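Quick setup: one chain, the form predicted alone, written in structure tokens, and binding and motion questions come after.
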């Protein structure tokens, strides 16, 4: 693939001056349309060391208003970044609607040079490539434009540039021993680059391959490609962006059978004395397991959903009480802020993924996409239908990383919710917890129940199962939740429940 690039093409200074002026002006005008239509644009650059990516990026961003354009220079991950999923840090670079994000290196760093330098096996390389294709598809499906450039030079040209840089005291720092090693193994790296480009050259995010031999020619190619791709994206009608498919397509995953909410028994209850004993037993065990999780660097993600007044807050407090405060965070999820709403809906959840050995507890979660946003019309029908697959992919990525993912739906019936609403309203200390929105949502109970049943059916996987908690009796629901968490963490840590021992 790379060998097909014409490395001899060149442009004279006069020709470049004439053509670039016109193209630069067009790009500047086009950015205003990008702002107006709220189109997020990612322009990423990959290529050989000393191929001139930095200069090409500088040429490009000079045409853009810096208030709505940010350049990200991607280097080797820090130790803290390595404690999160591979893709985690790249979600921080996703631009807001109407902005440009320009990346000097990108998520491709983890499947290009890393393949030869970090002992990544074929299985892991393929997994990472699939994750990248998934990421780019999700972003483009949501309306983001991704423009990818690979800047190619020959082995001889690269060596000459390294030698030139190394001769000057002011630039010799730019050539490392690793750079020289890559040049010596040029053919191996080219093979890896070719495979990477071929695997990820998709219709939604195609590669633009450039010759870096002549920077003027490369700059013009970049200007033309940006103009063409952005213009095409701006002219694309919403109908063309929307899928013509109907129904729900959650992807091919190992789904677990789930009952409908109407089939869940709510008759279990627990006496106060037994409740206190079981809470203490489970919290003690959870406290021990938290220390073990930290030592083994196992991340944990707990997501709580449920009817209003079902007891999510009280249950979360009983879980958190057993945890070391240095090793967990509770993320209350409300309506997205303007900054969050201007990005892909999963952006704010990726930002709160815990480090390995830590726990993130979500009080409501990414499932708002297929619940409240679906019912209230905060997203399009195509958005929420597509979300089942995106959520399964998101959780699969976290599970592949090694995370324990547990999801809880706290179930009560409609009469119990009314009783709790009235009790809150009549209690001055709790009246703040009941709002007009709660009453309004209650009026849409049947619509929400349909959505919850779909959510349970299409997103309860072996690696991220749903657990329906019988929360009609708060005490029973809390113990049920604590016990499920303890069992899952004990299993992940390799502990087995002793035979014949009564459950905690």
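Numbering follows the first chain given and starts at 1. Since the model is a prediction, treat every value here as computed from it, not as a measurement.
FYI, the form predicted in complex with a further copy of the same chain isn't displayed, but the following is about it.
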{"property": "Contact residue in the model of the complex, chosen from 265, 257, 198, 338 - any heavy atom within 4.5 Å of a further copy of the same chain", "result": "338"}
{"property": "Partner-contacting position among 203, 75, 235, 272 - heavy atom within 4.5 Å of a further copy of the same chain in the model of the complex", "result": "75"}
{"property": "Partner proximity in the model of the complex: residue 323 to a further copy of the same chain, non-hydrogen atom cutoff 4.5 Å", "result": "yes"}
{"property": "Partner contact for residue 328 in the model of the complex: a further copy of the same chain, 4.5 angstroms, heavy atom", "result": "yes"}
{"property": "4.5 Å heavy atom contact, residue 443 to a further copy of the same chain in the model of the complex", "result": "no"}
{"property": "Residue 317: touches a further copy of the same chain in the model of the complex, heavy atom cutoff 4.5 angstroms", "result": "yes"}
{"property": "Contact test, all of 61, 80 and 182, partner a further copy of the same chain in the model of the complex, heavy atom 4.5 Å", "result": "yes"}
{"property": "Region of this chain that lies against a further copy of the same chain in the model of the complex, out of 62-70, 447-455, 38-46, 468-476 [heavy atom, 4.5 Å]", "result": "62-70"}
{"property": "Those residues of 270-293 which, in the model of the complex, come within 4.5 Å of a further copy of the same chain by heavy atom", "result": "291"}
